[in-house]
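In the block that follows, a single chain appears as C-alpha coordinates, in the form predicted alone.
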(Lines give C-alpha, C1' and ligand atoms only; values in the text may rest on other atoms or scores of the structure.)
Protein backbone atom coordinates (compact mmCIF):
# COMPACT_ATOMS: atom_id res chain seq x y z
CA UNK A 1 0.00 0.00 0.00
CA UNK A 2 1.34 3.42 -0.93
CA UNK A 3 0.76 6.69 0.85
CA UNK A 4 -1.14 9.75 -0.33
CA UNK A 5 0.53 13.03 -1.16
CA UNK A 6 -1.32 16.11 0.13
CA UNK A 7 -0.64 19.58 -1.20
CA UNK A 8 -1.71 21.71 1.75
CA UNK A 9 -2.34 25.43 1.40
CA UNK A 10 -1.49 27.00 4.76
CA UNK A 11 -2.75 30.48 3.94
CA UNK A 12 -1.07 33.87 3.61
CA UNK A 13 0.62 34.20 6.99
CA UNK A 14 -1.77 34.29 9.93
CA UNK A 15 -1.88 30.74 11.41
CA UNK A 16 -5.56 31.28 12.27
CA UNK A 17 -6.39 31.43 8.55
CA UNK A 18 -5.53 27.78 7.93
CA UNK A 19 -8.58 25.76 6.87
CA UNK A 20 -10.20 23.03 8.96
CA UNK A 21 -9.35 20.47 6.28
CA UNK A 22 -5.71 21.52 6.23
CA UNK A 23 -5.63 21.20 10.02
CA UNK A 24 -7.05 17.67 9.83
CA UNK A 25 -4.44 16.62 7.28
CA UNK A 26 -1.60 18.03 9.37
CA UNK A 27 -2.87 16.25 12.45
CA UNK A 28 -2.89 12.91 10.62
CA UNK A 29 0.08 12.94 8.22
CA UNK A 30 3.22 11.30 9.64
CA UNK A 31 5.51 13.19 7.26
CA UNK A 32 5.58 16.95 6.65
CA UNK A 33 7.50 18.43 3.70
CA UNK A 34 8.11 22.04 2.78
CA UNK A 35 10.38 24.34 0.77
CA UNK A 36 12.93 26.50 2.56
CA UNK A 37 15.76 28.85 1.56
CA UNK A 38 19.30 27.54 1.44
CA UNK A 39 19.86 29.18 4.81
CA UNK A 40 17.13 30.01 7.31
CA UNK A 41 13.61 29.00 8.21
CA UNK A 42 10.68 28.12 5.98
CA UNK A 43 7.81 30.62 5.93
CA UNK A 44 5.31 27.87 5.16
CA UNK A 45 6.59 25.83 8.13
CA UNK A 46 6.40 28.88 10.39
CA UNK A 47 2.79 29.54 9.41
CA UNK A 48 1.75 25.94 10.01
CA UNK A 49 3.81 25.43 13.17
CA UNK A 50 0.93 25.76 15.69
CA UNK A 51 -0.95 23.00 13.88
CA UNK A 52 1.85 20.42 13.49
CA UNK A 53 1.96 17.79 16.27
CA UNK A 54 5.28 16.92 17.85
CA UNK A 55 7.18 13.96 16.51
CA UNK A 56 6.43 14.36 12.82
CA UNK A 57 9.19 13.49 10.38
CA UNK A 58 10.09 16.50 8.23
CA UNK A 59 11.48 16.73 4.71
CA UNK A 60 13.08 20.12 4.06
CA UNK A 61 13.49 21.08 0.41
CA UNK A 62 16.33 23.62 0.40
CA UNK A 63 16.54 25.87 -2.64
CA UNK A 64 18.08 29.19 -3.76
CA UNK A 65 16.01 32.36 -3.66
CA UNK A 66 17.84 33.91 -6.61
CA UNK A 67 15.14 34.48 -9.29
CA UNK A 68 17.65 33.50 -11.99
CA UNK A 69 17.92 30.02 -10.46
CA UNK A 70 14.25 29.52 -9.55
CA UNK A 71 12.70 27.07 -9.86
CA UNK A 72 15.76 24.96 -9.05
CA UNK A 73 15.04 21.67 -10.85
CA UNK A 74 17.70 19.83 -8.92
CA UNK A 75 16.22 20.83 -5.56
CA UNK A 76 12.73 19.75 -6.61
CA UNK A 77 14.07 16.50 -8.10
CA UNK A 78 15.79 15.69 -4.82
CA UNK A 79 12.73 16.66 -2.75
CA UNK A 80 10.39 14.63 -4.96
CA UNK A 81 12.66 11.58 -4.64
CA UNK A 82 12.65 11.78 -0.84
CA UNK A 83 8.87 12.25 -0.77
CA UNK A 84 8.41 9.33 -3.18
CA UNK A 85 10.42 7.08 -0.86
CA UNK A 86 8.10 7.90 2.04
CA UNK A 87 4.99 7.36 -0.11
CA UNK A 88 6.24 3.98 -1.34
CA UNK A 89 6.76 3.04 2.30
CA UNK A 90 3.06 3.63 2.95
CA UNK A 91 3.40 7.00 4.68
CA UNK A 92 1.15 9.94 3.82
CA UNK A 93 3.08 13.15 3.14
CA UNK A 94 1.68 16.66 3.62
CA UNK A 95 3.54 19.29 1.59
CA UNK A 96 3.11 22.78 3.02
CA UNK A 97 2.55 25.63 0.61
CA UNK A 98 2.10 29.31 1.42
CA UNK A 99 -1.28 30.58 0.26
CA UNK A 100 -2.86 28.11 -2.15
CA UNK A 101 -0.93 25.20 -3.75
CA UNK A 102 -2.11 25.96 -7.28
CA UNK A 103 -2.00 29.78 -7.18
CA UNK A 104 1.64 30.41 -8.06
CA UNK A 105 2.41 27.78 -5.43
CA UNK A 106 5.67 25.86 -5.11
CA UNK A 107 3.72 22.63 -4.71
CA UNK A 108 3.01 22.47 -8.44
CA UNK A 109 6.66 21.61 -9.13
CA UNK A 110 6.38 18.54 -6.90
CA UNK A 111 2.94 17.76 -8.29
CA UNK A 112 4.32 17.57 -11.83
CA UNK A 113 7.01 15.12 -10.71
CA UNK A 114 4.79 12.82 -8.64
CA UNK A 115 1.27 12.94 -10.08
CA UNK A 116 1.68 9.94 -12.39
CA UNK A 117 2.93 7.62 -9.66
CA UNK A 118 1.00 8.43 -6.49
CA UNK A 119 -2.48 9.43 -5.30
CA UNK A 120 -2.61 13.17 -4.68
CA UNK A 121 -5.08 15.42 -2.92
CA UNK A 122 -4.89 19.22 -3.01
CA UNK A 123 -6.18 21.15 -0.01
CA UNK A 124 -6.94 24.72 -1.15
CA UNK A 125 -5.75 27.59 1.00
CA UNK A 126 -6.55 31.27 1.38
CA UNK A 127 -4.37 32.97 -1.20
CA UNK A 128 -2.39 36.19 -0.83
CA UNK A 129 -4.81 37.74 -3.32
CA UNK A 130 -7.76 37.32 -0.97
CA UNK A 131 -5.67 38.28 2.04
CA UNK A 132 -4.54 41.54 0.44
CA UNK A 133 -8.07 42.43 -0.62
CA UNK A 134 -9.29 41.90 2.93
CA UNK A 135 -6.40 43.75 4.52
CA UNK A 136 -6.82 46.81 2.30
CA UNK A 137 -10.64 46.72 2.33
CA UNK A 138 -10.46 46.72 -1.46
CA UNK A 139 -13.13 44.85 -3.48
CA UNK A 140 -11.36 42.98 -6.26
CA UNK A 141 -14.04 43.12 -8.96
CA UNK A 142 -17.80 43.45 -9.38
CA UNK A 143 -20.45 42.41 -11.87
CA UNK A 144 -18.87 41.87 -15.30
CA UNK A 145 -15.50 43.42 -14.48
CA UNK A 146 -12.41 41.47 -15.51
CA UNK A 147 -9.69 40.88 -12.91
CA UNK A 148 -6.14 40.24 -14.16
CA UNK A 149 -3.25 38.77 -12.19
CA UNK A 150 -0.05 40.38 -13.42
CA UNK A 151 3.47 39.29 -12.34
CA UNK A 152 5.67 42.33 -11.82
CA UNK A 153 8.72 40.80 -13.59
CA UNK A 154 6.92 41.08 -16.97
CA UNK A 155 8.15 43.74 -19.39
CA UNK A 156 6.88 47.28 -18.83
CA UNK A 157 5.26 47.41 -22.27
CA UNK A 158 3.37 44.16 -21.63
CA UNK A 159 2.30 45.33 -18.19
CA UNK A 160 1.01 48.59 -19.63
CA UNK A 161 -0.93 46.82 -22.39
CA UNK A 162 -2.62 44.41 -19.98
CA UNK A 163 -3.54 47.20 -17.57
CA UNK A 164 -5.13 49.12 -20.43
CA UNK A 165 -7.31 46.11 -21.29
CA UNK A 166 -8.47 45.08 -17.82
CA UNK A 167 -10.96 46.51 -15.30
CA UNK A 168 -8.98 45.54 -12.22
CA UNK A 169 -5.61 44.02 -11.53
CA UNK A 170 -3.49 42.43 -8.83
CA UNK A 171 0.22 42.95 -9.45
CA UNK A 172 2.32 40.38 -7.62
CA UNK A 173 5.98 39.43 -7.08
CA UNK A 174 6.99 43.05 -6.62
CA UNK A 175 10.37 43.44 -4.89
CA UNK A 176 12.97 45.03 -7.15
CA UNK A 177 10.44 45.37 -9.97
CA UNK A 178 8.35 47.94 -8.08
CA UNK A 179 9.92 51.10 -9.58
CA UNK A 180 8.99 49.84 -13.06
CA UNK A 181 5.42 49.05 -11.98
CA UNK A 182 5.15 52.40 -10.18
CA UNK A 183 6.18 54.23 -13.35
CA UNK A 184 3.66 52.36 -15.52
CA UNK A 185 0.80 53.06 -13.12
CA UNK A 186 1.80 56.72 -12.86
CA UNK A 187 1.84 57.06 -16.66
CA UNK A 188 -1.64 55.51 -16.83
CA UNK A 189 -2.88 57.88 -14.11
CA UNK A 190 -3.72 54.95 -11.83
CA UNK A 191 -1.57 55.70 -8.78
CA UNK A 192 -4.53 57.16 -6.88
CA UNK A 193 -6.47 53.92 -7.45
CA UNK A 194 -3.63 51.61 -6.46
CA UNK A 195 -3.50 50.03 -3.00
CA UNK A 196 -0.27 48.57 -1.66
CA UNK A 197 -0.16 45.66 0.81
CA UNK A 198 2.98 44.00 2.18
CA UNK A 199 3.10 40.88 4.38
CA UNK A 200 -0.70 40.56 4.46
CA UNK A 201 -2.13 39.10 7.71
CA UNK A 202 1.34 38.93 9.30
CA UNK A 203 2.43 40.96 12.35
CA UNK A 204 4.38 43.36 10.11
CA UNK A 205 1.51 43.88 7.67
CA UNK A 206 1.64 47.22 5.84
CA UNK A 207 -1.31 48.78 3.97
CA UNK A 208 -1.02 52.11 2.13
CA UNK A 209 -1.93 53.86 -1.05
CA UNK A 210 0.78 53.11 -3.57
CA UNK A 211 1.45 56.83 -4.13
CA UNK A 212 2.60 57.08 -0.50
CA UNK A 213 5.30 54.40 -0.55
CA UNK A 214 8.93 54.40 -1.65
CA UNK A 215 9.09 52.02 -4.64
CA UNK A 216 12.77 51.36 -3.94
CA UNK A 217 11.97 49.67 -0.60
CA UNK A 218 9.38 47.01 -1.36
CA UNK A 219 9.66 43.33 -0.34
CA UNK A 220 8.86 40.36 -2.55
CA UNK A 221 5.82 39.47 -0.44
CA UNK A 222 3.85 42.54 -1.45
CA UNK A 223 0.99 43.22 -3.85
CA UNK A 224 -0.64 46.12 -5.64
CA UNK A 225 -4.41 46.12 -6.16
CA UNK A 226 -5.89 48.40 -8.81
CA UNK A 227 -9.57 48.77 -9.68
CA UNK A 228 -10.37 51.41 -12.25
CA UNK A 229 -14.07 51.84 -11.56
CA UNK A 230 -14.51 51.87 -7.82
CA UNK A 231 -18.27 52.11 -8.33
CA UNK A 232 -21.17 49.90 -9.23
CA UNK A 233 -21.27 47.67 -6.16
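Positions refer to the first chain, counted from 1. Remember, it's a predicted structure, so these values are computed and weren't measured experimentally.
Keep in mind the form predicted together with another copy of the chain is missing from the figure; the text below concerns it.
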Worksheet item: Taking the shortest heavy atom distance, is residue 16 within 4.5 Å of another copy of the chain in the predicted bound form?
Response: yes
Discussion item. Would you classify residue 89 as touching another copy of the chain in the predicted bound form, given a 4.5 Å non-hydrogen atom cut-off?
Written reply: no
Discussion item. Test of understanding: in the predicted bound form, would residue 156 fall inside 4.5 Å of another copy of the chain by heavy atoms?
Written reply: no
Worksheet item: Contact between residue 73 and another copy of the chain in the predicted bound form at 4.5 Å, heavy atoms?
Response: yes
Worksheet, complete the sentence: Of the residues spanning 133-151, the ones with some heavy atom within 4.5 Å of another copy of the chain in the predicted bound form are 133, 134, 137, 138, 139, 140, 141, 142, 143, 144, 145, 146, 147, 148, 149, 150, 151
